[in-house]
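Before any questions on binding or motion, here is one chain by itself as structure tokens, the form predicted alone.
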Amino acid sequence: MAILVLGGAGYIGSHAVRELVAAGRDVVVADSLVTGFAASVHPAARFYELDIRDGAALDALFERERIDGVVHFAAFSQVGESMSRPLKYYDNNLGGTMSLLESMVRHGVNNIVFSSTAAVYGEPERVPILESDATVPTNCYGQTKLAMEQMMAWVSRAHGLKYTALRYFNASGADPSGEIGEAHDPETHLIPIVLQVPLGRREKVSIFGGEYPTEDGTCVRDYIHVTDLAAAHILALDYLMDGGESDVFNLGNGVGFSVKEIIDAAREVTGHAIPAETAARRAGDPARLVASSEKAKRVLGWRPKYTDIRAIIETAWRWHREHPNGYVSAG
């Protein structure tokens, strides 16, 4: 029986595929390649180019492959774009998930691990954030992810589907091999944007907001290495396939770093001055997002290996230094 990874040509999905293959799993990847890259798909995985909103294409895949579990990464994820183009996010994220769940129900596939986000919490009640805390998203991206979680919960009640929603914080870093990593166009994540300066792709970093209620006035985030996230998805899948009940888990290191602290760490790793300037806030950005991952550690047995922000940035730096144009040079 195979594991289907939707969005397996994307940043986090490609790392999850690599970890699944390394663990000896039979892996099928489906991706529209709208934001993913065929060059990032592990050669041991069987690849289908499809849009998960296409129910007929999904049905054909489930009829051809014997799928035992699904890992769902397929979604648009740019916060800023979600605020200016909300219908695009509802169409792709919710429409795609509805199509996927309908096909899973039709074919009796009952286990799904869902890539959710800390954005479901909005401006948190407390730090670190617990899974039981209020979910009041401050951006459309987070709202669609929360709605996707809720859709799975109702399908679970109606059809016996079992799911885990992994609410993770800022995915970062790259596979230690340097063979795959983060490549977005446009790039919106802080660490790769900062690393574009020593690569000569931009002159300086813009810090969006300098008057947040944090120690240095810039946003604070919890950075979690992408291979640690990938490992958690395998543990969550095994948990479901061993009879675990549907549940929600935070994934983070439990430590927050401000934008200025990330820039300072990148200066240390790269040896570059990395000029920075303060710009206007972005819509929908909470001041502080830091996770409590105690539940994932207790229930899933998850333990992140990368806890030093400099070590995380070093893996990202290796990838970007060797692939300054992302996957363009690879394919």
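Here the structure is a predicted model, which is why all the values come from computation and not from measurement. Note that residue numbering begins at 1 and tracks the sequence as displayed.
Another form exists, predicted in complex with a small molecule; not displayed. Remarks below refer to it.
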Practice task
Please name which of the stretches 153 to 161, 75 to 83, 101 to 109, 240 to 248 has residues with heavy atoms lying within 4.5 Å of the small molecule in the predicted bound form.
Solution key: 75 to 83
Problem - Contact of Y141 with the small molecule in the predicted bound form (heavy atom, 4.5 Å) - result: yes
Practice task
Although the small molecule is absent from this view, report whether R282 comes within 4.5 Å of it in the predicted bound form, heavy atoms only.
Solution key: yes
Handout entry: Proximity of A118 to the small molecule in the predicted bound form, heavy atoms at 4.5 Å
Key = yes
Practice task
Considering only heavy atoms, tell me if C219 and the small molecule come within 4.5 Å of each other in the predicted bound form.
Solution key: yes
Handout entry: Triplet L190, F208 and L289 all within 4.5 Å of the small molecule in the predicted bound form via a heavy atom
Key = yes
Handout entry: Contacting member of N253, N170, T227, N93, with respect to the small molecule in the predicted bound form [4.5 Å, heavy atom]
Key = N170
Problem - in the predicted bound form, the residue from V259, V113, A174, I129 that sits within 4.5 Å of the small molecule by heavy atoms - result: V259
